[in-house]
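Just the one chain here, laid out as structure tokens, in the form predicted on its own.
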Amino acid sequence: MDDYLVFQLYAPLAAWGGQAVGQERPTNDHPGRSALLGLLAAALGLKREQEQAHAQLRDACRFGIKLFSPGLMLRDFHTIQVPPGARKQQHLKTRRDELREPKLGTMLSFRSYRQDALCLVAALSSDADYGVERLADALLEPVFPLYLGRKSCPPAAPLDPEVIAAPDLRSALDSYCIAPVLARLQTGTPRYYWEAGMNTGMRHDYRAPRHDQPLSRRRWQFAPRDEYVFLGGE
């Protein structure tokens, strides 16, 4: 038996970023490792420059996901005013600093979101410093605001974290009861996702590469990994 931290994620808009190319900012239909580690780090109060703490949290945690609803896709044409070469100007610390510059340009992008997506997350921890009880407490009283992928996507329902003792990942996810008001969002048979090395209690139908294993939060570097998928059913 292992102790799993299980919690629900729902918001009218969520953005589980995929690989950005050019002006496109795509989203997957469920959260990846970097998003979930970022969520826990925000709850714990870790700052971006605390590289060692982020690496310890990354090495401690493994995740499985039960996707009740992938939601509908929304693609937004996004414009923002920024001074030319803003990223190289170290004196621009805030959005207010940027807008006070005498010359501004326009940056264009297409940002994708998922509408009314709902999933459960089960986290395992192998590090006593980041045990599941501490992570659950952090989600109940987060230090920094939590959001589902982007700052414009705050959760619209309590995460309701629970520590569940279960023989495998699927038992832990299936033991959790989502809030009744969210149950109507379920569409079709739930799908399951997990990473290598977990005792899942189910076979995988296929595996797919994802580029979301964080290497450095400061330099925004990520490594590839394999994700395993069960499409549901018995």
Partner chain sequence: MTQFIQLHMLTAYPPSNLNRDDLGRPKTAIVGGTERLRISSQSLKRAWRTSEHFESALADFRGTRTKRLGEQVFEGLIEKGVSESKAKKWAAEIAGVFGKLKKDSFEIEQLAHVSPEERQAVENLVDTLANEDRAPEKEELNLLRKNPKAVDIALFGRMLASSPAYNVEAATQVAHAITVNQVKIEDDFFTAVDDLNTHEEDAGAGHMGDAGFSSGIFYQYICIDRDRLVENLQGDEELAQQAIAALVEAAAKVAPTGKQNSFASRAYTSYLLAEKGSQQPRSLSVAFLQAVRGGDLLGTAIQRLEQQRDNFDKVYGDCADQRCSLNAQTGEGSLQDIIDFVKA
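Just so it is clear, the structure is predicted and the values come from calculations on it, not from any experiment. Numbering follows the first chain given and starts at 1.
Not on display, but discussed next: the form predicted in complex with its partner chain.
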query: Output flag, 18, 26 and 120 jointly within 4.5 Å of its partner chain in the predicted bound form, heavy atom basis; finding: no
query: Contact label in the predicted bound form: residue 129 to its partner chain, heavy atom within 4.5 Å; finding: no
query: Distance check, residue 106 to its partner chain in the predicted bound form, heavy atom within 4.5 Å; finding: no
query: Non-hydrogen atom contact residue 207 with its partner chain in the predicted bound form at 4.5 angstroms; finding: no
query: Contact label in the predicted bound form: residue 124 to its partner chain, heavy atom within 4.5 Å; finding: no
query: Heavy atom contact within 4.5 Å of its partner chain in the predicted bound form, the stretch among 41-49, 61-69, 165-173, 198-206; finding: 41-49
query: Partner contacts for 180-201, taking its partner chain in the predicted bound form and a 4.5 Å heavy atom cut-off; finding: 181, 182, 184, 185
